[in-house]
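The same protein chain appears twice below, in two forms, each given on its own as structure tokens and labelled structure 1 and structure 2.
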Structure 1
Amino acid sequence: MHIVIVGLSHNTAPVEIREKLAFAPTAMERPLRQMLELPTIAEGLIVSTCNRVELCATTKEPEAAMVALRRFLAEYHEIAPEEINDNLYDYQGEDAIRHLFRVASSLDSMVLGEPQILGQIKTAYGYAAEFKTAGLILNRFLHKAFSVAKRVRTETGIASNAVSVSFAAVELARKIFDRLDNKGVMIIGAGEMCELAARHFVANGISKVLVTNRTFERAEKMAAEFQGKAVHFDSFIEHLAEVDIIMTSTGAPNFILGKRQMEEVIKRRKNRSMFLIDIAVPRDIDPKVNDIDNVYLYDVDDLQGVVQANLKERKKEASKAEAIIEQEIGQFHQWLGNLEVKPTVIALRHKLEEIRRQELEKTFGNLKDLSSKQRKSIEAMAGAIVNKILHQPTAVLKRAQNDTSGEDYVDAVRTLFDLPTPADDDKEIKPLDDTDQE
């Protein structure tokens, strides 16, 4: 049995193509069942995120299956195949195993090391398990992918450095204050970057959130989301001494906070440290503020420098992650090869044993006067012949199961000896919970 993957991602397709091929996460049953109705597909899984759409399947005919999956992807979304063919990629065998392990480990993500993709793959696997489109092989494959992703996260530093401006701000704040659970933050502006930063600060334990914006209703809405307090924009400076961190992005044409104002604020705070993050362009805070003792001001370029340095560190760790993946590929491929070899060896032995039994019955039927000792000698000789015949093909199959020739030998033996195809193991295997998966 082969594993195949057909799909597209941010690396191969623009967003206008990706969104046309996306599958609704709340309506996965229909496409999964239709995918399994394809004659060449035995098991199926669909991963659909904002950055990628991938169909993963098991099949005995990989080339035909990949063609069928390409066609299915186009027909399901009512798109002409030629519109998307250049955006699609396909993998089979070890390449497919490597690809999913890299995706789960966030080595193929838009942001190297981001953790969201693993959760998205777990969700996709949950649907496949729920609708029983994942069988023995995909269950084992996905569980292995989850454990590989855990190894990458725990044995490398690929996810340890912030690579977004908003999270870099949180990381710097933690370096300045050591802990954030007793600190307060003021968000000046209610745009997307400020909202994301507020989310990161709250997730990291910030105890007090103040929000201000020129439109007070927007400030109230964001403050409510984070169980914070909205303050009027024309009086926000009066509240600055209440917080330890300020993050601002207003789009104002001139500075909204100057050195003299901040000197008054730090005086009211009795020189307790403050961390200011100005990601506005043009800047909201006068750079001279940085000259004040115990005031740490970072602008968007400073944060981008942190992000780039962290990305460089993540890329160094990626090589360690690739080595882990190559090791795990070999282990999974060996299991997959053994899945085919073991039943083939058993089926071959059963076939020859049945021939031995039938021929012994004919022989004994024609030789009525044989003694018990003679019958046992003939049975032993027939058994020895069967074992000698089995020895070489069994040895070759076991040696070949660890490389790509294993599947060819299995197919050859089954064809030469007319062996039945092993029944697919369709027993339901429930997905592991997050603890077990990782």
Structure 2
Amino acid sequence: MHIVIVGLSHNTAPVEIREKLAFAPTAMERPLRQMLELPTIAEGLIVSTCNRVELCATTKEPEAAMVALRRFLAEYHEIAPEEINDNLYDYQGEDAIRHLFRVASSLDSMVLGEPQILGQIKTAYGYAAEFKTAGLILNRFLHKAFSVAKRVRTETGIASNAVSVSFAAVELARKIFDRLDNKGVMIIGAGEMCELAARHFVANGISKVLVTNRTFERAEKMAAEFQGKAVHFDSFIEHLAEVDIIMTSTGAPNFILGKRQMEEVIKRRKNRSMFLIDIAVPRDIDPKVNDIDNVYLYDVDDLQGVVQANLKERKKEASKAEAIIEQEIGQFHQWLGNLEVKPTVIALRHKLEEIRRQELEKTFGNLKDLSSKQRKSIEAMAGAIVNKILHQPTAVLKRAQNDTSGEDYVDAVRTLFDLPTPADDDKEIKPLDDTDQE
């Protein structure tokens, strides 16, 4: 049995095409059932997000299945297959396993390391499980993908640094202050970005919020939202020493905060550090303020720079993630290979032959005075028992090979008889761990 994936993502298709091919999350039953009705498809799963559509299936004939899936994707959405042919990619075997592991680990995401995709795949798997379109292989495959994604998340820093401007501000504050719960923030002006950053700060424990605005009512309104205090714009400078973080986004044409004023503030704070975020364009705070000891001033471009640096850092972590994935592919591929009927039959026979040999040896060791004729007939009897036992399971396995239940039987036989890897493969079998199940 092979795993195939046909799909498209932000890398291969513009949004105009992605939106046409998306599946409605509320009505997954119909497409899943239709997919399973395709002649070559044994199991099926559909992942559909705003950035990607992935059809994942198991099949005996990967080439034919991929063609069928391409056609299905187009026809389901009433588009001519040729129209989207160039936007689709397909993977089979190891490449398909790698693809899903990478997608689940957010290595293929538009924002590297963003966490939503794993949840989206879990939801997709939920539908496939609910409508019973996922069987033995996809069950195992998806659980493996989840555990790989989890491993990538904990063992690499792929998701560790902020990649949005407002969150980058919070992280910078953490690099200056360590704790935020006993810190205060002042919001000057009412920009949307300011509000978003303030929300992040409050969510991260900032306890004191002061708001000031040229229109006092607006300041009061925003202060109420953050359970803070409104301050009159004429006197906001007097309150600066009370807070540790200042965010400005006024429409003022000139600097509203100069170097001398900030020096005064820092002096009153006995040099305790301050973090200034100037989101306004034109800027609200004189850039020379950054030259004062213990004052850290960031404007929009600076924050953007931090985001870029963080993304670079994530990319470096991504190479570690790729290594983890390669390792896991090998393990899963081996398990999949074990589900082949022929090597399983051989392994089963080998196992029983081995038992026969050992038992005969034991018996002959106890019965030393047997004639060679007697020995021969005992040997024949043992052989006949093995063959009789083997007959029915072998027949069932061979018959099941031709329909979708094959893997279930193979897996059952391998578990019941504790069979090692196929005989032509010298590698030692690793126990299949079930700990990766969520």
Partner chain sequence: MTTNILLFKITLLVYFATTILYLVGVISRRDHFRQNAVYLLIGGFILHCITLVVRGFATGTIPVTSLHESLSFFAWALVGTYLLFYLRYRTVMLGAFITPLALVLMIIGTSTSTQAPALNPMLDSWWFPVHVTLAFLGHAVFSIAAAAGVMYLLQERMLKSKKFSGLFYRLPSLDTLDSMNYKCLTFGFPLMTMGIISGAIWANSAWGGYWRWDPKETWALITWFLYAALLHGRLTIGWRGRRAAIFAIIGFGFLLFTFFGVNLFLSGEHSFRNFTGQ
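Note that the rigid core is defined as the largest set of C-alphas that superpose within 1.5 Å between two forms. For numbering, take structure 1's sequence and count from 1. Please read these numbers as outputs of a predicted model, since none were measured by experiment.
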query: Identity of the form predicted together with its partner chain among structures 1 and 2; finding: 2
query: Exceeds or equals 2 Å, Cα of residue 370 between structure 1 and structure 2, core fit; finding: yes
query: Flag for residue 320, CA shift 2 Å or larger between structure 1 and structure 2 after aligning core; finding: no
query: Residue 102 C-alpha relocation of at least 2 Å between structure 1 and structure 2, rigid core basis; finding: no
query: Rigid core fit between structure 1 and structure 2: Cα deviation of residue 348 in angstrom; finding: 7.9
query: Core-aligned CA shift between structure 1 and structure 2 for residue 173 (Å); finding: 3.8
query: Angstrom displacement of the CA atom of residue 233 between structure 1 and structure 2, core fixed; finding: 11.4
